[in-house]
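Here we start with a single chain on its own, the form predicted on its own, put down as structure tokens.
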Amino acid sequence: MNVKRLGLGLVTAIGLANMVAIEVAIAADEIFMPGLVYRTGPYAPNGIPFANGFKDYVTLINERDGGVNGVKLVYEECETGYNTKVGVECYEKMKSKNPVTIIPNSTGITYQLIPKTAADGIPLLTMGYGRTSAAVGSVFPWVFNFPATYWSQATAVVRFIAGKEGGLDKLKGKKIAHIYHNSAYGKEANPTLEALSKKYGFDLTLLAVDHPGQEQKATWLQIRRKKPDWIFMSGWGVMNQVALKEAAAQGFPMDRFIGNWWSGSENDVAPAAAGANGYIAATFHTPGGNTKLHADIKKHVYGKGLGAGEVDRIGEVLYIRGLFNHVMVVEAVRNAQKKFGVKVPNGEQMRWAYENTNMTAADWERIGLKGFPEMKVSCNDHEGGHPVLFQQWDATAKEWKVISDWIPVMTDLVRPLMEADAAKFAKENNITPKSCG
């Protein structure tokens, strides 16, 4: 036997095991919750806390509650590296295990999985990202993008800016620049911003930044020339870090620089240090780890040595967002179990549960997230009408602080745009919209 060759073979096998999902046997009385994650690749610093939130919530439910109504959750990760092709391969690998929901964790992967999950009858949860018009449930019955979409977020950002300027009528003549990741994700808000620009009379400049976002000299030359009153950014990963450093170098006022909810994590502001002080970001959940849910995670997960990451990072924005995703999956499982009298809901039962989601103040308090706003989903509204919150970075305290009330989105402007886009998609793909009564 060649020991050296055997050793190399073992190393290779271990390496391959780390590159793909580890096979997990799913029993008939267990609930399978897959995780399409990216702990590697250019966006790993953001993907890791998100994935840790995913895993820790499943661990909490199993350790504290013994599962959902006594039914154990089984969690399995598949590494995508934030690569669309690999993400689709992960989906194909996972779907035979009867997942209750697929969370693609990427707008690019979302677009590819929309037709696949519809054909396979598996709910697709794209919380705060993906295709905005998928909120129209009659055309996209298997896609759910609550609590809010990119288009709705854009209206809340403009409303926030208007509040600082003295009202929506004061936006006329103002200059707003949108710096965006040159991808399906980054471009998603542009149609809404253009509609808002026409309606309120502000001058809109659209500035694309190519992946991964390290080269922005031309972008900031444009900013220097245009001299916008406000900057809105739809960035991701290193792009956000570079933009904040460039803004600080130019002396652009940080309290007039607003990131979307994927441009407002600790990872984005830390590299700019004091230069990021005052930077603002949209969010659909409160920041920080001082909730009952976090206390339970410390006790039942990290207290038992079962945490996926570091306990002092569970209050970070992207960790909370990972938690929030699985909170909603578990709530849908509970609703489906109750409605249909089953232990392990199937895809159709989970779809019903999502369409009948109605999160009240009492529900949020039970979960341990007291103070979250009501969210109500329906057959034809898969977004849920959730308002948007704004947070500001305090570089001295090294924490995000809430600086607004929950700001309502402009449904009257956004919904017709969604319906028009959904109708176009239906026509192009020969889809007959289902009746929602």
Partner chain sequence: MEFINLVLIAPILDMAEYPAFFLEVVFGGLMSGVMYSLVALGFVLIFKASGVFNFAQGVFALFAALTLVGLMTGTMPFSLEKILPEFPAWLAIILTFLVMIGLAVAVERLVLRPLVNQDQIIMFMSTIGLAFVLEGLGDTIWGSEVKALDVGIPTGSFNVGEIQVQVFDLWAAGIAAFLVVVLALFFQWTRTGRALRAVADDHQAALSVGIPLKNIWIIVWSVAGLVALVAGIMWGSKSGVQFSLSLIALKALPVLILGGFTSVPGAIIGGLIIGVGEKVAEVYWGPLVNGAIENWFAYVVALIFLLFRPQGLFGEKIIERV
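Residue numbers count along the first chain shown, from 1. Small disclaimer: the values here were computed from a predicted structure and weren't measured.
Keep in mind that the form predicted together with the partner chain is not shown, yet the notes after this line are about it.
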In the model of the complex, the one of 314, 177, 242, 254 near the partner chain [non-hydrogen atom within 4.5 angstroms]: 242
Just one of 119, 362, 218, 295 has a heavy atom within 4.5 Å of the partner chain in the model of the complex. Which one? 218
If you check in the model of the complex, is residue 211 within 4.5 Å of the partner chain, heavy atoms only? yes
Closest heavy atom of residue 389 to the partner chain in the model of the complex, within 4.5 Å or not? no
Should residue 33 be classed as touching the partner chain in the model of the complex when contacts are defined as heavy atoms within 4.5 Å? no
I'd like to know if residue 271 sits close to the partner chain in the model of the complex, meaning any non-hydrogen atom pair within 4.5 angstroms. yes
Given 244-252, 168-176, 337-345, 283-291, the stretch touching the partner chain in the model of the complex at heavy atoms within 4.5 Å is 244-252
